[in-house]
Structure formats: C-alpha cells, structure tokens
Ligand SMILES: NC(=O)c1ccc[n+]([C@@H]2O[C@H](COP(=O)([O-])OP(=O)(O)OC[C@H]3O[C@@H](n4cnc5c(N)ncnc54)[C@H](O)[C@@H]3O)[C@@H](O)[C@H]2O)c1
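The chain that follows stands alone, in the form predicted on its own, written as structure tokens.
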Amino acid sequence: MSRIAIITGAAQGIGFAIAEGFAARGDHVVIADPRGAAAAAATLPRAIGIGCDVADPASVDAMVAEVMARHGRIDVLVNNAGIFTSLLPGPLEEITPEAWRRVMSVNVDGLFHTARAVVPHMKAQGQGAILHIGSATAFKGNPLMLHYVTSKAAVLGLTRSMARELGPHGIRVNNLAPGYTLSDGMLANDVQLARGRQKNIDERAMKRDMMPADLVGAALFLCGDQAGMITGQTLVVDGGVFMH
C-alpha cells in the first residue's frame, strides 16, 4: 500500500531528495515549504505542494487539514525543515537574541508544531512513522554555531521522549543525523563551504563529499516496515566521522 508522506522544507536540498525517494517507490508525497512547494511538487509523481511555515502553528494546522481532506490519512512525517545553511559562524556573544529565537522557532518549535498536528491522526490509525532530521553536530559540539548545535541537541531528547509516549499507539519516532552535506543551500553559502567542506572530507572515513542523495536510503528505511521495531533511535550518516 502506498503511503501518505509529509516532508517539511522539501522544496530543495535534503528534503527534496527524500521526497524523490518516497515518490520513486510509489508513495504520495506532500512537500510542505513556505517557498517553492508547488513548483517542486510539480516535478514528482503523486506529489502536492503546500505552503507551510513550521514556525507558525496555524500554518501547520492548515497544511495538515488540507492533507487530511485530500488523502484521509497521514502515514509518515519527515521533519526536515530547518535553519542552517543561511547562518554564518560567529562567537556566542555575537548571536543576537532574535537570531537565537529564530533558529529555535524552526529547528525545535517547528518539530513540535508538526508532530502535534499529525499525531492525533496517526493515533486514530493506530500507526505512523515520524522522522526528525537532526545533525551530527549534536555529538561533535561544533564551535561558533551555538544556536544551531543546541537546536539539534534538543532533537535528541525530543525523539526519545516522543518515542516513549507514542510507541503504545503504534507510532515510531526516529532521528536521522546527517553530517556536512552539499545541499543547495550549502552550495550557495561561500563562507560555510570554505570553512567546512574540505575539513569534513578529511575527517571522514569515506573521503568524498556527501550529497543529499546519500541520506535517502536511511530515511526510507527508518520510515518503512522493515524498521518496524526501531524507535527512539538516532542514526548518524556522516561518512564515518562520528562512530558509536
């Protein structure tokens, strides 16, 4: 049976690559993104695009209501939307309260808003899969990106607590933590590229760039039936930098 999968922030980059993966295996895909959702969805079969700002609970509720009206169910939520590639590194004393709050509002609050909106429908179905897209930086403690690293560390606790709470309802919750990935946004940030690209290749066991496509297999697995007894887990995909 084909699934109904919502992927947030999926108009480009990692999110779009994951959306392509779901579409390729015959699932119905919802690209939820404040910009470019319809255009991205038009390139995929069985896909729709809905404008959605995950930091705005009303926007999230409206998106979920539209999905339910169209499909009558939600099987998968991939919480991919996040702020990273537009950020510039700097010391903590130069991070403004406004910049801190903006990162948290998307990278942490946004996951809560989307989960809160879809969970009642998944509970009614007796099943569902939620996948957060975190970051390997939560384990490395990268300097000069305190707001971002802190937000992704919060995803670890969110994943574990949600998994405990929702498991009795047949809902699995996991966290996919990518390493440094050459997404569209990353390729547009010259400072981030100069700071991190070669450094991360040097640290990896696999000595090459990591691309969005490198994350698709792990995402599909964690959301699929073969991972039916995997929940509350974080899978790091970074080419062998962080090993555990």
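Residue numbers run from 1 along the displayed sequence. Owing to the predicted nature of the structure, the values given are computational and were not obtained by experimental measurement.
FYI, the form predicted in complex with the named molecule isn't displayed, but the following is about it.
Contact check for Gly21: no non-hydrogen atom falls within 4.5 Å of the named molecule in the predicted bound form. Among heavy atoms of Thr181, some come within 4.5 Å of the named molecule in the predicted bound form. Although the partner is absent from this view, Asp27 stays clear of the named molecule in the predicted bound form, with no non-hydrogen atom inside 4.5 angstroms.
Contact annotation for Thr85: at least one heavy atom lies within 4.5 Å of the named molecule in the predicted bound form.
When the named molecule is considered in the predicted bound form, only one residue from Arg46, Arg197, Arg70, Arg35 comes within 4.5 Å through any heavy atom, namely Arg35. Only one listed stretch (70-78, 164-172, 98-106, 123-131) carries heavy atoms within 4.5 Å of the named molecule in the predicted bound form, and that stretch is 98-106.
Contacts to the named molecule in the predicted bound form (heavy atom within 4.5 Å) from stretch 134-153: Gly134, Ser135, Tyr148, Lys152.
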